[in-house]
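Below you'll find only one chain, the form predicted alone, shown as structure tokens.
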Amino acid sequence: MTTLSLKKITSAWIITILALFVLAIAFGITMRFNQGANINLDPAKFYSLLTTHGVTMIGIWAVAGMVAVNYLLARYVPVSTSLNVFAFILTVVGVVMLWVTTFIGHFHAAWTFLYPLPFYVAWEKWATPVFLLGLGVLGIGWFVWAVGMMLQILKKYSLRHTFAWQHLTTKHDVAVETPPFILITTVSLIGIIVCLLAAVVLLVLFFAEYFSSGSFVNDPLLMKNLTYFFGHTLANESLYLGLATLYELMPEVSGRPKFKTTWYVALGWNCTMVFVLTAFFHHLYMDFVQPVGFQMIGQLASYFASLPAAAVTAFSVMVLVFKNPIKWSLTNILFFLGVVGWLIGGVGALIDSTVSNNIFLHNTLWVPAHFHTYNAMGNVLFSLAFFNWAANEFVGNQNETKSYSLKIVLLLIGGFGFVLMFYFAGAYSVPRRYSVYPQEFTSAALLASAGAWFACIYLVVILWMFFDIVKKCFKVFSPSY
């Protein structure tokens, strides 16, 4: 059941996430203008922005998915407002700690903070432990919240039913129906819990070396595996939380029957749970001391992780909209376009995760091209769809009368134009993480500048949606609500 307290904390989340998103976009645009030689940033400031932008973006869209599924989970099981508030407070504290380290302490080891870079202090000495503590604060808040949601699900559904194993049959007399929302949420929360546990191990190892005065030294390959297992898995699971929201809301707002869990939906998401936890190995192809078996797992899992969920979801959405009367609104258009952006970004990821291609594309701008596509034009749109739906829910009106066609056109031009510049640069082997490109890459600055201008268009649309959504969210705090 949706309570007033749940609406209030959800509104606070939405306002905070959108405000941070606007700022993080501005940081990204600043970096692209610097790479385009339109402005001139000190390299240390550039990499501080890079660190802030990356950590903020990954964090807010991971937690945005949790906000959405927590709100919708109240339709099925009781949810804890106190855990929600706990996670919100720790998220705000963690973000403040991270921003203090980058903007005041000048920490600039990037969001991946790959070992042993944080120990080569080129910033304030206190910034390294505070940055790592900030990550720990975020992780604790999200871990406790995710475990709380899983426990509530397991109070109503048995383990067998949460994974929809009873649907792995062609029979139609299933005694207990597992909604797709519960299945996908379970798969995603388990992945988040596991990757956050890996983050705990990673941080403990960092601090063990940091305070050992040189008596303890970590294995670099182990630290890199843990870092990418944590980061890659968190980014992917946040996307799947968005898909859980899509499965729950898109048929509803479209005026169509709710999605059902069929045998292929159950099989696809169970397979995804396994493959997404091992796909991160594709980030380590160039680490030649990595066991060859892990590299093979990385390529196979990268392919298999995308096919079940992507194929099943794309098929389900196409069945929903193809030759059916649909009540098109901003909410379900954002869901539909999010699937398109996710699939395009996924194809880009598959191209890069193929070993023969990765030799050429590794650490080029092709990498940010694919993850900006499935984030900015996939995951973000899923969350914006929920934010728009929730804001309308708060004011009791899902019948949108305002025209949204201009928003969609500008969103498509700005978003896809922005990522296309990354793809072009990646195809021409322009390296990533450079604050200023070497002269040998003759087209790099022009593409960066063009990408920044497209991102400005994208930012205008996000600001437009920000004011529309936030205005409605503030109403739940009114004494007369």
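The first residue of the sequence shown is number 1, and the count goes up from there. What you see is a predicted model; the values in this text were computed from it and never measured.
Beyond what is shown, the protein has a form predicted in complex with protoporphyrin IX containing FE; the following relates to that form.
> Heavy atom to heavy atom, is residue 423 within 4.5 Å of protoporphyrin IX containing FE in the predicted bound form?
Replying inline: Contact check for residue 423: no, nothing within 4.5 Å of protoporphyrin IX containing FE in the predicted bound form.
> With a 4.5 Å heavy atom cut-off, would you call residue 45 a contact of protoporphyrin IX containing FE in the predicted bound form?
Replying inline: Close contact is absent here: in the predicted bound form, residue 45 is far from protoporphyrin IX containing FE, nothing within 4.5 Å, heavy atoms only.
> Even though protoporphyrin IX containing FE is not shown here, does residue 365 get within 4.5 Å of it in the predicted bound form, heavy atoms only?
Replying inline: So residue 365 counts as contacting protoporphyrin IX containing FE.
> Even though protoporphyrin IX containing FE is not shown here, does residue 132 get within 4.5 Å of it in the predicted bound form, heavy atoms only?
Replying inline: Residue 132: no contact with protoporphyrin IX containing FE in the predicted bound form.
> Though protoporphyrin IX containing FE is not shown, can you say which of 389, 240, 247, 371 has a heavy atom within 4.5 Å of it in the predicted bound form?
Replying inline: So the residue touching protoporphyrin IX containing FE in the predicted bound form, by this definition, is 371.
> Only one of 65 to 73, 451 to 459, 37 to 45, 438 to 446 gets a heavy atom within 4.5 Å of protoporphyrin IX containing FE in the predicted bound form; which is it?
Replying inline: Partner-contacting stretch among the options: 451 to 459.
>> in the predicted bound form, does each of 303, 349 and 353 have a heavy atom within 4.5 Å of protoporphyrin IX containing FE?
In response: Looking in the predicted bound form, the three residues 303, 349 and 353 all stay beyond 4.5 Å of protoporphyrin IX containing FE (heavy atoms).
>> Where, within 375 to 389, is there a heavy atom within 4.5 Å of protoporphyrin IX containing FE in the predicted bound form? Residue list please.
In response: If the 4.5 Å heavy-atom criterion is applied to protoporphyrin IX containing FE in the predicted bound form, 375 to 389 yields 375, 376, 380.
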